[in-house]
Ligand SMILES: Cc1ncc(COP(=O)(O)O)c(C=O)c1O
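Listed next as structure tokens is one chain, alone, in the form predicted on its own.
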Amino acid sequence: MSVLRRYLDHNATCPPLDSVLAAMDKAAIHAFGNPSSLHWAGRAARQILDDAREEFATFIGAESGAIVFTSGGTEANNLAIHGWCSAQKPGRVITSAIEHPSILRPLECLETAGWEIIRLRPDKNGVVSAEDVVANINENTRLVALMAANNETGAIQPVAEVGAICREQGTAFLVDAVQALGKTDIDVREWNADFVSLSAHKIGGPRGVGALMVRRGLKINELTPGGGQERKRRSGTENVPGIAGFAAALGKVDFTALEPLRDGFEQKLHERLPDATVFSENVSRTANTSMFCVPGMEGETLLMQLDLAGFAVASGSACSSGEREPSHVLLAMGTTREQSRSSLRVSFGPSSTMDDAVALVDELVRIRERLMSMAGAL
């Protein structure tokens, strides 16, 4: 008997939209030239890049020349951090303890090289305090890096407030907006952001494509010098079909419409498993995201059992879900290691239904009862 498969891991990646695949196919067939070439084939590819750059700029409130296409959010964050900091004298970088590894790992490299890295802890709801940022900015601060929305809990961070502080202090500000795209309004002017990182596959675009917004007047060093593409900020022949697909995905999936579904899921979860805890439940979150723990249940065990039942969910960041360590986000929020190990993340998408949500809760109850029975607890 076949198992019905239910995909509930859209924060890791959102399946590509039909319109995205069509745009990629068209670009691959009709704009196959190198966009740096001057002949007709190159000009056709260049036109797609120029059009996409304009679309991105309009969508996030930036100038078209500020958009740098990358291979994804990870490269965009690395380009912002290493590209900016390598052009500065060593100093202080302020970030949070709940950032994505593509922020935390590059900062670890800077720390090894003698930079001072301040990692601010969030409150128990997973939100970083803008006042903490103010208290830590000094004359040696070169960069503040903060995500707009957490990839695990969905908690919205005060980036506009922090951005205003950074602009007033003359400190560069990087916003990781990978999980915010499609889930909240993005306006780089309102955020006072100097750098903003984005990724295509979180909104139904192709994997391996991203973008970094670099505010006019700021110089970043290339990580991989070469042909000088992207205004000498990111060398390498651009992925024209992928970029066309990314542009085609902009604004197509409205994750904010999924809030009733998420809330319905959490209501059922509380009804059937009263001792379950939903993290960041009392603060503004991305509308499709729910991270929770079921006491006494290993998240990894639950993940495998749910997988066998056809459910695709996560135990944290997709970049580290294969590791056995508990969520660094939840630990930073003050949860115990046991709670962190018992956590799961559900992230709904355009194909998700209330039937999926109810079926997931039913399966969680069945798994818990079965495992408790095996352990002699029932």
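Only a predicted model underlies this, so the values are computations on that prediction, with no experimental measurement involved. Residue numbers here begin at 1 and follow the sequence given.
Beyond what is shown, the protein has a form predicted in complex with the ligand; the following relates to that form.
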property: In the predicted complex, segment of 193-201, 303-311, 272-280, 225-233 with a heavy atom within 4.5 Å of the ligand; result: 193-201
property: Residues T153, P158 and T286 all lining the ligand in the predicted complex, heavy atom within 4.5 Å; result: no
property: Heavy atom within 4.5 Å of the ligand in the predicted complex - the one residue of Q169, T184, T74, N125 that qualifies; result: T74
property: Partner contact for R262 in the predicted complex: the ligand, 4.5 angstroms, heavy atom; result: no
property: Close approach of S102 to the ligand in the predicted complex, 4.5 Å, heavy atom; result: yes
property: 4.5 Å heavy atom contact, Q179 and the ligand in the predicted complex; result: yes
property: Interface membership of M147, the ligand in the predicted complex, 4.5 Å heavy atom rule; result: yes
